[in-house]
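Okay, so here's just one chain, in structure tokens, the form predicted alone.
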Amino acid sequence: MATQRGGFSSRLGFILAAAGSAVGLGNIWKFPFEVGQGGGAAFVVMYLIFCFVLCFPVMVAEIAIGRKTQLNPVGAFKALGYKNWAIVGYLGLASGVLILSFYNVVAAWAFGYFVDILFGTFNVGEQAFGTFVADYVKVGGYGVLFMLSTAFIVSRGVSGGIEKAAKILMPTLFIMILALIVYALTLPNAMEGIKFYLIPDFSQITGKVIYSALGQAFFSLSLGMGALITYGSYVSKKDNIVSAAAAITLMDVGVATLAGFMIFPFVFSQGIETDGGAGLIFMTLPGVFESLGSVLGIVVGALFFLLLSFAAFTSTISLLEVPTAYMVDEKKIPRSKATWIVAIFIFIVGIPSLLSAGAVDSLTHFVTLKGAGDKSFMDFVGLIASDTFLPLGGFLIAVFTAYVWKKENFNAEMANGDEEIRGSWLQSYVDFAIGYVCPILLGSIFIVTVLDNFLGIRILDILFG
């Protein structure tokens, strides 16, 4: 079965592909504005802690389940002998499909900005952004191109497509970020941005900041939807999955951290408010690039949005691979055919999200929630899939690993490729975290999300004032 399914040809290939799954818009688009709204360095400290305390053990568990069974998230739980737990795999499958359906739209925005800046047809400002995203024909065209490119890579297989792409995309991503950081640090007042980013004011840490840092860490590392179960199913039994998970976490955290070194010097050089939210990237920074002058602004701006497109691409590949692997394993459909069927289906599912950015009023103002207010269709899908399903999936995976599959079986799979981990402090830590820390924290994220957004019960305000 493993031969028919394919696999990664090297440990490095797996690490780069899995890191690519984790590295995406969450690192470069979402992380900086979460930092800005969370008070700067205090948020960064909390985020880094949670990436290793919370996310690393769940990542090891997902990879271990995948490698043990050599199957997709649905098939993996069945193969371990717990058919009722396949619902967790289906939850992850649904999450991946829904996330990719709107993620592809945001990726199309980034690529569209790159093209428009490069060819001098770009307009700056909030109104210009609204006009751009509402142009569903133009954005839809970029979305088709993005989905076609993603499907092409995935259809070529694990080593021939996903791994080869990761070996090109990930190093290129780092080079582009470093180039933009070098330039950003030369701007006036750049050091004030670095101080905001690196010097923590711990009085800024509130219940909301802790909750946001928890959620950002988990979303950033693409956990809870079975992507790493799927990638783990292509890993050799000889590979050390614990050190691989550590490397993936470090790479993801590294990209997010570097993004801050890039964004905040830009922001402070122009005296822009740091708490600008999602618009910080798509509405505010283009004005910064324009102020640099015609030629330099085009070069820096185009490079930035190409970087954003590359980051999105590394994630869309893994998001498409999850349902594709399900179709190959469970439905016995050849990979190429399965990839294109799934890609077309997800693009169609994403059409309402495409139209909800101003093109269709009923989708732009789709629903009003008690706690979250007016939501577009895209925002609502994101709230359901990313903010609700992912922590629930992570919670269930942690509970399954510790109390259903049992820690001794989990530990045995961890030890494949590294016998020295048996009885080590690291094994003890992962066992403790997966049994207690992860279920408590992930369960709390899920409960707070539901109470806050859907029921309008501001539990964080009640608890922390």
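Heads up: residue numbers just count along the shown sequence, starting at 1. Computed from a predicted structure; not experimentally measured.
Keep in mind that the form predicted in complex with tryptophan is missing from the display, and what follows is about it.
Engineer: Contact with tryptophan in the predicted bound form for Ala325, defined as at least one heavy atom pair within 4.5 Å: yes or no?
Structural biologist: So Ala325 does not count as contacting tryptophan.
Engineer: Considering non-hydrogen atoms and a 4.5 Å limit, does tryptophan approach Leu354 in the predicted bound form?
Structural biologist: Leu354: no, not in contact with tryptophan in the predicted bound form.
Engineer: According to a 4.5 angstroms non-hydrogen atom cut-off, is Ser101 in contact with tryptophan in the predicted bound form?
Structural biologist: So Ser101 does not count as contacting tryptophan.
Engineer: Look up in the predicted bound form whether Ser315 has a non-hydrogen atom within 4.5 angstroms of tryptophan, and give yes or no.
Structural biologist: Output for Ser315 is yes: heavy atoms within 4.5 Å of tryptophan.
Engineer: Would tryptophan in the predicted bound form be within 4.5 angstroms of a non-hydrogen atom of every residue among Asn27, Phe219 and Leu390?
Structural biologist: All three within 4.5 Å in the predicted bound form.
Engineer: Sort through Leu319, Met378, Ile263, Ile177 and report the residue having a heavy atom within 4.5 Å of tryptophan in the predicted bound form.
Structural biologist: Contact check passes for Leu319.
Engineer: State the residue from Leu285, Ala184, Ala245, Ala227 whose non-hydrogen atoms include one within 4.5 Å of tryptophan in the predicted bound form.
Structural biologist: By the 4.5 Å heavy-atom cutoff, the listed residue in contact is Ala227.
Engineer: 147-155, 359-367, 289-297, 219-227: which one contacts tryptophan in the predicted bound form at 4.5 Å, heavy atom to heavy atom?
Structural biologist: Partner-contacting stretch among the options: 219-227.
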